[in-house]
Structure formats: C-alpha cells, structure tokens
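Take a look at this single chain, the form predicted on its own, given in structure tokens.
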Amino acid sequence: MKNDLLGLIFAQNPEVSMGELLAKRSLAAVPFGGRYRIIDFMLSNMVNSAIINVGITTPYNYQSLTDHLGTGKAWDMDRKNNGLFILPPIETGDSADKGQEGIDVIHGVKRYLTRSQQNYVLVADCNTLCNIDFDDVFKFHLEQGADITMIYHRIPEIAQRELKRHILLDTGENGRITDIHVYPAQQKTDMSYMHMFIIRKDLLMELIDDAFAHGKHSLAKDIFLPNLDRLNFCGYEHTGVHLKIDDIKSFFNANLAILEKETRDELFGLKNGMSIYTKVKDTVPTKYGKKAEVSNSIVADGCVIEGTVKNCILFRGVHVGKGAFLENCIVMQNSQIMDNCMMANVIFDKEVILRTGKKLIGQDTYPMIIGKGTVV
C-alpha cells in the first residue's frame, strides 16, 4: 500500500514574502533551526512514511536547493528505481514566472507524473513544518473512499490580521468536507488546511488539464471549490506540532519556538522515532571562551563564542566576539559578530559581518533582517 503513493513537493510559493531570505534561494532552501533547510521536514516525513518516489518542483532560484539535496543520499533516496527527482522549469519564459501557482506547477511536471508507477499522489507545500506519518493519512484516504483528502489542524482563535494566511474547512459526517473558506474575512471554523492533500493520480491529471485549459491557476479556488459537491472531499486532522513559514515574522517565531523542549522533541521526531534528516557537514566542535555565557540557545558546530548568547539560533561557523550580547537572534552560517556588539530580535543571513561596537535592535513583532554577505 505504501509504495503506491508518490510525493510532490512545491519548492516555492508565490504567496510567501520573506524579503532578503528569498533573494538568492528558493523557499525550500531557506535555512532553519541551526543546521536544517525548510525542505528537510516535508521530505523526511515522506521518507519516514515509506514514500520512495518524491518529486520537488523548482520554478526559479533553485541552485542552492539542488546543492543541498544532491542525489538524495542523506534521505536514502539515491535509488536506481524511483528516488528523488528535481523538477526544474521545462522551458524559460512563463514557466519560470515567480507568480506561478499550483495548477501551473503541476501541469509543468505532467511528464514526471505520467511516467511514475504509483497510482496516488501526495501534494504538499514545503513550508509546513511538522512531523506526520503519511501512511496513516493514506490508509484513512482509502478507508473513506475519498477522492481528495485534505490534511488540517485546529486553531481555536486566529487573529483577524492572520486570516489572509488560512484556508478553513467545514466537515460533516465521517470527516466529509462540506465547505472551504479561502482566506476568509471572518473565522467560522477552527480547521485550518495545512496545504497537503492526497488524490488519485489520474483524477489529479484530469482536474489539472481541465483547469489549465480554462486559464485557471489556484488549486483551492479553481479545483477544490468548484468540485466540492461533485467529488468526495475528506479531512484528516493532524494533532501534533505545526509551524507554517510564510513571512519573516513566522520564520522568526518558528525558529524560536524550537527552543522549547516539548516543541523540539515532537518536531524532530524524538517522541515517535521519525527523525528529520539533512545534508551532513563534518565540522569541528564549537569553542567557548572563558567569559562566554550561553543560555536557552541552539548552537551548531564550528562556532566560536566569546560573548553572551541568550535565546538564539546560531548556525555553523558563527563567531561571537568578546563583550558581544545577542538575544532572540537567528544568525546563519559563517556570520561574524565582532567585539562589544549588541543585537536583539535580528536575523542575519549567511556571511554577514557586524563591525565592532555596533548595535542592532529589532522588534519581537517585526525582527530586523540583514541580507547575505552584508557588512554593517
């Protein structure tokens, strides 16, 4: 049963706005949690669910992503049959358009889907971070005789300003979805769609071809809603940790959320044995100076810390100078904070240098972000 399901992951999302972090990379390749990339979570979930055929769509800015994924060896996906497939644009021009939505992306990888041996498809965005067994979802899909199974989680109260980020579901008997609210003005239900669904492959191709021929683009508005009464839509509830990254604030909050042990243990599979895998880089251990103070932080290998670090995520090769003070910061690979600097609520992309004595203070509701390779 398990091997009859293939995975299709969107490496980009036109509705996501993350400023400098997406200037030179796709959404899937954005670093997270000290040593991971966003794509690692969805890909690892699929591998842990015995899905042996995974395609990753890459509309643009995909060099960083392909460098990270390589042959898929880190996820045991370097296979002679099936395995990991990187699906770049089939042509230039419109196919590489940054505004490309779900229907356009799936239509562009028709050949991959047609040639795959599996009869069912799990379609998922890359920016939903969770730890989920898709085999359970697939069993539910078959038992319910569903045409489309949409995965959701419950959010009792969503702030008014956040509703534009959510697609909400109504369900009836046996989990049957009775209504779909696409970015509603008011919250009428607590079931938020996680942008993951299972569907029979031939049905997916039929729906995509028809929508594409009529100039449609959105999966939710142009496929789910028009077919809600005709097809059997079912909802599967995910009750575990769920972190969605679609802007700078949510990226910042998601990183700091894993400083909590309960969240970290569940997200990274310490409770259920379903680990999150990533590309392995062998580096030296982190070196702590005599006056270094580090509390409630995640620190990767290869760092040199001589100052104070509190509630921070430090990636590989970060240098924190003497007398420097960091609080609620995310500092990516090979960045340098020189002596006597002060930082709070700041995100550094890779290879940023903060000169001696500088002070950067952002807001916890809107963190400051410094682009890759910047010298401040």
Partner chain sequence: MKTKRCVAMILAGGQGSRLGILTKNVAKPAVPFGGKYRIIDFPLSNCTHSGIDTVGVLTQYQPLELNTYIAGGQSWDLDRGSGGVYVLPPYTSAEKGEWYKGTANAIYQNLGFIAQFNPQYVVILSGDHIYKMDYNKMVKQHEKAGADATIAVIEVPWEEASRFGIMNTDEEMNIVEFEEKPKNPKSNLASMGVYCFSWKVLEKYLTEDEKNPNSDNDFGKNIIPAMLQDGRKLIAHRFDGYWKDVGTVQSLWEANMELLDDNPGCQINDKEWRIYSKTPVKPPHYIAPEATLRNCYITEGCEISGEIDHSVIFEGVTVCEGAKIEDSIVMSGAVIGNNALVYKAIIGPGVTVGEGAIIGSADDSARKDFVNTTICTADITLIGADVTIGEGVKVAVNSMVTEDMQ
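Numbering follows the first chain given and starts at 1. From a predicted model like this one, the values you see are computed outputs, not experimental measurements.
Omitted from view is the form predicted in complex with the partner chain, to which the following refers.
With the partner omitted here, the residue from 186, 283, 114, 174 that has a non-hydrogen atom within 4.5 angstroms of the partner chain in the predicted complex is 283. Interface residue among 221, 249, 73, 139 relative to the partner chain in the predicted complex, by the heavy atom within 4.5 Å criterion: 73.
The partner chain in the predicted complex is not approached by residue 231, whose heavy atoms all lie more than 4.5 angstroms from it. The closest heavy atom approach of residue 80 to the partner chain in the predicted complex falls outside 4.5 Å. When the partner chain is considered in the predicted complex, residue 62 lies well away from it, no heavy atom lying within 4.5 Å. In the predicted complex, the partner chain lies within 4.5 Å of some heavy atom of residue 296. Proximity of 109, 126 and 154 to the partner chain in the predicted complex is absent: no residue of the three has a non-hydrogen atom within 4.5 angstroms. This chain is displayed without the partner chain, yet in the predicted complex the stretch 268-276 from 268-276, 223-231, 145-153, 208-216 comes within 4.5 Å of it by heavy atoms. Contact annotation for 31-55: residues with any non-hydrogen atom within 4.5 angstroms of the partner chain in the predicted complex are 33, 34, 35, 36, listed in sequence order.
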